[in-house]
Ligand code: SIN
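Only one chain is given next, in structure tokens, and it is the form predicted alone.
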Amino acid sequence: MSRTDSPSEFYTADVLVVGSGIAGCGAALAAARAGADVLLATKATTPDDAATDWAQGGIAVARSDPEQFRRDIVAASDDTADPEAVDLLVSQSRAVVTDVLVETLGIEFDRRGDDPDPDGDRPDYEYAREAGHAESRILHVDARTGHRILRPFLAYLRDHDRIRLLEDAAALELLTHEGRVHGAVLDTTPTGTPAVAGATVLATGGIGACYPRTTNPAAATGDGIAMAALAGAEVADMEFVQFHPTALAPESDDGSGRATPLISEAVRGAGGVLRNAAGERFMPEYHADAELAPRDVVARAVKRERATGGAVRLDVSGVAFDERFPGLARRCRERGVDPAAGIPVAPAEHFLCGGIAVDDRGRSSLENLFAVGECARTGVHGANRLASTSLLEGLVWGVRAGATAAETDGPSPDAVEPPTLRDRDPHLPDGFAAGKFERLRRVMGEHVGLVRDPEELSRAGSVLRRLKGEVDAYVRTRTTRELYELRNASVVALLVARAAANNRQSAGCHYLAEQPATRRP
């Protein structure tokens, strides 16, 4: 692997991984274990730029009843999940968590001595229960599980002699030739540096920056999905955008796209209840599982109660909140919220269930291009994701994709002709990207959100097409991360709007106001 920092040369590696969350880290680890030289490139500069670092609840694993785990995933998906993908996730869950997180990284999940594990291997783990789960099966560390996993993971990879970690390096374009992907162009120089690889693994996360309110980091601009789609890769299920029901409600919503703190589903699993402005607990009226109903159901119920009655609060009086969730308690108080008075909550964009279409090894429709984590559509989630399965999916598919990517031929610099990236006039108007992002988020929030109308979806598509055209005119003339992120966001926003307009049947988190759904509200 080339270790030069010279901008005039190629970066080369057997496997290029783009993205440094749990899926990208898993892919890099597996590829290196298989003997490949790995370049792990990420536009993050600190771990908390990655969505994994923000994951609160935990990571679900199969316990004594794997079949029930399968049923829970399928039920949460509104019966749309791919059964084979679900079987793979469940069957691999305990082994991959034990291998990578426990034995390799030494993650200390929360424990208690009075909760025996039916499998007998770790009798003191404290398993939590969250919405949609029929039993307690979620390993966690306080409500900061992703934070406690990702930082040791990155530290481990930094010390690995087959892995080079390149931070503050955004991927701008995929390098393709005759239907095969040969790497990507990174923005480590003003006009980009090619990173040539035998296989490329995209692990770039979600699309939260496309919405006015999101639980994602600001960097979640859909980069991997956009680059793959522009290169000709198949995408699927883009209409299935999940909204988390209990994000901390803002005092005022300026639509800025700034991330909003998440109040973990584990709080409801521990006994927290939702109350409307009149102080009434309302979820039993909407679903038999009340606060533990699937996320899409709870999110729409919260939206409806807020629209008709005002504020919705999460009542934690029946939970030892400060003891069980000290990090969340501190975060609430830092924002002037007294948990004892009830935590004001509102839905916010949380997770994309669709993405780059991949198989059980993370392979896309383009040769030597893999995708894992939130940017990939594995089929596990269908129309709605079960709580605390995102870290698991990223790890399972990341490890499988990395091992498979290591089997491909090495880099072929002679076959690569980098795209022409420029830095010239016309002058980019001040505030151009910020203004277009604001417009994009407004359209997505108003017309492609939690509840959708077919006519509004059509109008949104027209607006987004025009916006993309305006952005493309400048992308052709200059190379800046800000502009490419805007281009990527406009591409994925348009993909979501088109997919939503083309699907005239409500399912899971794609909910049409005029179409009776299989489950309500």
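One rule holds for the numbers: they count along the sequence shown, beginning at 1. Please read all numbers here as calculations on a predicted model, not as lab measurements.
Just so it is clear, the following notes concern the form predicted in complex with this ligand, a form of the same protein that is not shown.
Stretch 259 to 267 is the answer when you ask which of 91 to 99, 173 to 181, 223 to 231, 259 to 267 has residues with heavy atoms within 4.5 Å of this ligand in the model of the complex. This ligand is not drawn, but in the model of the complex it has a heavy atom within 4.5 Å of Q56. By the criterion of a heavy atom within 4.5 Å, S388 is counted among the residues contacting this ligand in the model of the complex. In the model of the complex, none of the heavy atoms of E291 sits within 4.5 Å of a heavy atom of this ligand. Taking the partner from elsewhere, D237 is found to have every heavy atom lying beyond 4.5 Å of this ligand in the model of the complex. Shown without its partner, this chain lists R295, R213, R137, R400 as candidates; in the model of the complex, only R295 has a non-hydrogen atom within 4.5 angstroms of this ligand. This chain is drawn without this ligand; in the model of the complex, the residue among E393, D72, E305, E130 with a heavy atom within 4.5 Å of it is E130.
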